[in-house]
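There is one chain below, alone, in structure tokens, taken in the form predicted alone.
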Amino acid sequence: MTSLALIGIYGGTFDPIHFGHLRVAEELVSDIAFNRFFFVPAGTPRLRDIPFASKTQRAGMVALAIQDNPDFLLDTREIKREGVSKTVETLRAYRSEYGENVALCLIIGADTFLKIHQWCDWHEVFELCHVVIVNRPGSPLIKHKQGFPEEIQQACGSRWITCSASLASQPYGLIYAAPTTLLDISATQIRALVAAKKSIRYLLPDAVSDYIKTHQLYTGEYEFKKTGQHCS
């Protein structure tokens, strides 16, 4: 059986990046044996609140968080793109760059997967990459397929695999629920602690904590930031 190179694409607002994100990435690289693993900070998301930190600040924090890990790479294409971030556009770009001889794997949380049918051109995602689902504290466990929106059940019914090795057998189209450690840490929690002038030590790398302090992020008008109305 052909074994393709594996490219991991881990998107998110990373507002800020923390040990929960990093531990998931570390375990995925070990479990799936990615050849390259990219962190892709979102620009302007559609289906979630506008990030509190700027695009440049969030990318800067990711760069600091992964600087000592040669397995991790930063991709800033989404923060450089004008307008709303669209995952499908990012995936099209990756597929154009790498061709059909690699397996692209989009890493998303279980909560995000349950809303995938709300994405722009979402059916095309499965024609561009595999989807690797990781659970998050407080999000539904992906152990069975009951309760999924009907659109997702119809589109994904035959795509599920239980062995990560199968991801390297074809360039796209499969769904794998990865068993990863759930660290009960959230960016929301960290921002609230900063706003309350409480310690965020041991929740994220020291370099990121120092960056937050230096740039005075998540203070002042934190509580009054409005929900975004844009498209992703």
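Residue numbers here begin at 1 and follow the sequence given. Predicted model, so just to flag it, every value in this text is computed and none were measured.
Just so it is clear, the following notes concern the form predicted together with a small molecule, a form of the same protein that is not shown.
None of 109-117, 94-102, 149-157, 78-86 except one has non-hydrogen atoms within 4.5 angstroms of the small molecule in the predicted bound form; the exception is 109-117. Among residues of the shown chain, residue 24 is one whose heavy atoms approach the small molecule to within 4.5 Å in the predicted bound form. Although the partner is absent from this view, residue 186 contacts the small molecule in the predicted bound form, with a non-hydrogen atom inside 4.5 angstroms. Though the partner is left out of this view, residue 13 does reach within 4.5 Å of the small molecule in the predicted bound form, counting heavy atoms only. Residue contact check for residue 134: one or more of its heavy atoms lie within 4.5 Å of the small molecule in the predicted bound form.
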